[in-house]
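Listed next as structure tokens is one chain, alone, in the form predicted on its own.
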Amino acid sequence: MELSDRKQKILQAIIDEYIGTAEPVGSRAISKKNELGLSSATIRNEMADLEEMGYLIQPHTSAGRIPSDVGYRFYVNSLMRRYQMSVEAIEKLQAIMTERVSQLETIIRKASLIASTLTEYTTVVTSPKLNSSRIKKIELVNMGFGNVMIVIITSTGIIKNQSVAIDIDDDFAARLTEVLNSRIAGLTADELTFDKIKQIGDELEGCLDVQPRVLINILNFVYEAIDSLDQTEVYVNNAKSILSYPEFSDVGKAREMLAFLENKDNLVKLIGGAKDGVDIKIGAENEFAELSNSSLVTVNYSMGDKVVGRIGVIGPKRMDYAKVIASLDCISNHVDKILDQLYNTEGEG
């Protein structure tokens, strides 16, 4: 059954009010704060109809109404007003995002922090799977005392480093660095297979006076570091913000939610299951029971024409959807531009 124009306006007014107050909304509050030109009695009757139709819930007999998941869904799809970010906020966002950005991880962490700051909700950002990222350079730095720092820099700015117990001098470290780069620089993670590593090791044994064990230690780290680029990382910001919302005043629910946010596998699955573009999942629409009282809004970001990761906001079902969507859309556009710049620049080199 379609909602009449009057019912839609009343539902919109109730949800707008509830988003701001977190208190059940009564007919008098709606009649006073909204120019609907309707009496409290008329609004009360319409609210009863909306409850019967499944758009509203009456939590207590004498209380007002709150939106149901169905009510929120109709609001998001049909009633929500567009949120316009201020020019000042956009300029500030742009300045923060572009300040000293040279590494992909830095970009993703900044995006997560900014999304949390703008929305005041918990944010979850997934990093790209970069198995197509190329090795830009490998450096071996003699740290002394029988230790060498192996540094791997990729074409997308990711840096992996690890100290390995190898006793070599500065000259040998420099020569080994040069030889390794001549054989590995430019390869992708997909191309740097175990067989390729073994082949390189055999070649290096023939041109360098070095123990096989030393090469094995170095090449094993290179292989593991590049292979790890295919693993999705998750960055969570402002997880404890849920404690400030009355929906999570119950200690048990709060602990359950915080435990969920600490589980990387849950978050990867949660964000990974979102649709491209702006995706909104309200309450029970989320596959995890822990989110039955929450909503998830996600937007993807891209590298070139390929979607490589997502930015998500988790908050109470009464979240300010319009503001969240506008904020995430703006952030993802900036991330796209920065990654496109970085990706194209590196690709040209």
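As the structure is a prediction and not an experimental result, all values here were calculated from the model. Only the largest set of C-alpha atoms that superpose within 1.5 Å between the two forms is called the rigid core. Sequential numbering from 1, following the sequence displayed.
The discussion below concerns the form predicted in complex with the DNA, not included here.
K.L.:
Which of 293, 286, 42, 302 has a heavy atom within 4.5 Å of the DNA in the predicted bound form?
P.N.:
Partner contact (heavy atom, 4.5 Å) among the options: 42.
K.L.:
In terms of non-hydrogen atoms within 4.5 angstroms, which of the given stretches 305-313, 318-326, 42-50, 276-284 touches the DNA in the predicted bound form?
P.N.:
Contact criterion met by 42-50 only.
K.L.:
At the 4.5 Å heavy atom threshold, is residue 298 in contact with the DNA in the predicted bound form?
P.N.:
No, no contact at 4.5 Å.
K.L.:
With a 4.5 Å heavy atom cut-off, would you call residue 57 a contact of the DNA in the predicted bound form?
P.N.:
No, no contact at 4.5 Å.
K.L.:
Could you tell me if residue 38 has a non-hydrogen atom within 4.5 Å of the DNA in the predicted bound form?
P.N.:
Looking in the predicted bound form, residue contacts with the DNA include residue 38, since a heavy atom lies within 4.5 Å.
K.L.:
Even though the DNA is not shown here, does residue 67 get within 4.5 Å of it in the predicted bound form, heavy atoms only?
P.N.:
Looking in the predicted bound form, residue contacts with the DNA do not include residue 67, since no heavy atom lies within 4.5 Å.
K.L.:
Under the 4.5 Å heavy atom criterion, name the residues of 5-21 that approach the DNA in the predicted bound form, in sequence order.
P.N.:
Heavy-atom contacts to the DNA in the predicted bound form: only 6.
K.L.:
Is the C-alpha displacement of residue 289 equal to or greater than 2 Å between the shown form and the other one once the rigid core has been superposed?
P.N.:
Result for residue 289: no, shift under 2 Å.
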